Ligand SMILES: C[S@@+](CC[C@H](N)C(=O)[O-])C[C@H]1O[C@@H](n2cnc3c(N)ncnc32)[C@H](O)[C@@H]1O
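A lone chain, given as structure tokens: the form predicted alone.
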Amino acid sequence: MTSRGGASYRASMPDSSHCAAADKALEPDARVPSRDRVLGHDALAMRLAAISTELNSHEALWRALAFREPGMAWEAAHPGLAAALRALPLEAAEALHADPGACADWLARWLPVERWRLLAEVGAWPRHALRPWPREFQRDVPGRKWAQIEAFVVAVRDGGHECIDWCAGKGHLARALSQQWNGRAVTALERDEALVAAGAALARRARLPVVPHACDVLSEAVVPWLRAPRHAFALHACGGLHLRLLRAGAAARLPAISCAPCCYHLGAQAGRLVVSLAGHAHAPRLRPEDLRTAVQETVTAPGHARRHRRRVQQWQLGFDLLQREVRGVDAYLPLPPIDAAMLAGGFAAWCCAVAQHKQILLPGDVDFEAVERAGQERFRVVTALDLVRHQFRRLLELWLVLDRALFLAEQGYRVEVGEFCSRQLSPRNLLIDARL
């Protein structure tokens, strides 16, 4: 019995076009701002429609998941690109993933990546002057997180209202806002009571009017906190948490909402991935896994984390080939997560454990060394093929941010979207700022 790739893993066997609508969308009078300007209120819907056109025209390129599908549906339409990608060494593919500019240049021989880059371009928020930070602020917050908080505070304009820090954790953002805005009162809402207690201690030590409260913002308990005219802030609020802020904040007519969304797939439910009327009018066919694609870029993972991820995926891909052969079903089978302890036992032991978990009876003559090598080779190909899908990450993310911004605009807010920090500091660097 063989898998789709033609390999068998028994020990006894040997190893083996440019769219006119999108072009019009790039006319300089409308959709693509200069790098020193945010995307203004009037341009939000036009940019969303232009991105929708591009996503719908190239759906096959960004919906296909190489990790699950040994062959991509788009390869027949782009044979030259497919051949070049399948021949790409792993080191070269990983280098292109790490350098978006070089990747775009490499793919430009086959795909209109410059048009996608222009559509994804958003200006940076102007930076406001900062008061000097107390020394303990930076001491109490991890370095990268502190830099993100500082960039967020620098970008947001003070509207003069009391504030809410949404999903506040230890209240680091709340304290930063209060300190910069002359001792502004800030209510910090956080579900985890241990974090609430830690935040209260930090606020007391800083002598700032930051008051943490234990509150699950997804529950109705949050509604009373939204009755006063407050400015709500959310830095990297995941999935359903930022959607809850937008919906509940708009319903309460909060005077200002400043939100940097993150992890759009978390808490995502089919049929509720799109929230604005404008988004529903133009929406590509989004699935929860497409929302995951939008946030797969990372520039902060340490080397050991990347090596762990590589090994995990190689094992998963090897077992995927094996289970297709053993089951006689050429289809992806979701697998349980792998932790470090499972890696220590070796590939063969892990395969046997997963097969037992999935109630798959493995034959006694499986050549696990061949399976592991096949997984490593497939990982190389998957890494290369994913260069195409990942060209759409920023377009997908910006589409989702524009959808959320337009939801607020439809509720009567004046809304702008811009980058509050560099991609190197955080790929999730888009800030929605809405004012009644």
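For every residue, the number given is its place in the sequence shown, counted from 1. Source: prediction; values computed, not measured.
What follows is about the form predicted together with the ligand, which we do not show.
Though the ligand is absent from this view, in the predicted bound form it lies within 4.5 Å of a heavy atom of just one residue from Cys167, Leu322, Leu246, Val210, which is Cys167.
The listed set Asp216, Glu162, Asp105, Asp140 contains one residue whose heavy atoms approach the ligand in the predicted bound form to within 4.5 Å, identified as Asp216. Taking the partner from the other structure, the ligand in the predicted bound form has a heavy atom within 4.5 Å of a heavy atom of Asp192. The ligand in the predicted bound form is not approached by His282, whose heavy atoms all lie more than 4.5 angstroms from it. Taking the partner from elsewhere, Leu241 is found to have a heavy atom lying within 4.5 Å of the ligand in the predicted bound form. Using a 4.5 Å cutoff between non-hydrogen atoms, His236 counts as a contact of the ligand in the predicted bound form.
Proximity to the ligand in the predicted bound form, taken as heavy atoms within 4.5 Å, picks out 168-176 from the listed stretches 111-119, 168-176, 285-293, 85-93.
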